[in-house]
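The chain below stands alone and is given as structure tokens, in the form predicted alone.
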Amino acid sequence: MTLKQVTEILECTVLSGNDDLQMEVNTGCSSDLMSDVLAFSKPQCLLLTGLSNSQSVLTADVADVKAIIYVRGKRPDERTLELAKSKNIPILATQYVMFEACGKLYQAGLRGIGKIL
């Protein structure tokens, strides 16, 4: 699914990365704990989080996350947006809570990493 489709499904506001909306995303992960993102995400995934500070962008960069969606109406500050732009990580925001956002994306065909063994 494309990032544009994701924005439509979750009624997202694009905060940065308008030129990247045709980017394909095949897996997603969600967490407010960046240590979990580092431990359990797959490269090139879509990250859904409520942690809207620079730590989320830095973690996304290390974990090779394609894009970040801030849930629950969270918005990053300008410094965090600038950091994301410098790392070429598109930033979106949705009013949906994390559970609902993940459910909508799963229903539309986006998959996660599966079971942790």
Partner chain sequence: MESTYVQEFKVIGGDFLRAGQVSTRIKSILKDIGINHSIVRRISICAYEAEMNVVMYAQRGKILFSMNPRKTHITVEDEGPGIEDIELAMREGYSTATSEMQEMGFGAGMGLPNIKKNADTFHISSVVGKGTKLQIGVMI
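Since we're looking at a predicted model, the values are computed, not measured. Numbering follows the first chain given and starts at 1.
Beyond the structure shown, there is the form predicted in complex with its partner chain, which is absent from this document and is the topic of what follows.
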| item | value |
| --- | --- |
| 4.5 angstroms heavy atom contact with its partner chain in the predicted bound form for residue 59 | yes |
| Interface membership of residue 75, its partner chain in the predicted bound form, 4.5 Å heavy atom rule | no |
| is_contact(residue 34, its partner chain) in the predicted bound form, heavy atom dist at most 4.5 Å | yes |
| Residue 53: touches its partner chain in the predicted bound form, heavy atom cutoff 4.5 angstroms | yes |
| Residues of stretch 27-48 in contact with its partner chain in the predicted bound form (4.5 Å, non-hydrogen atom) | 32, 33, 34, 35, 36, 38, 39, 40, 41, 42, 43 |
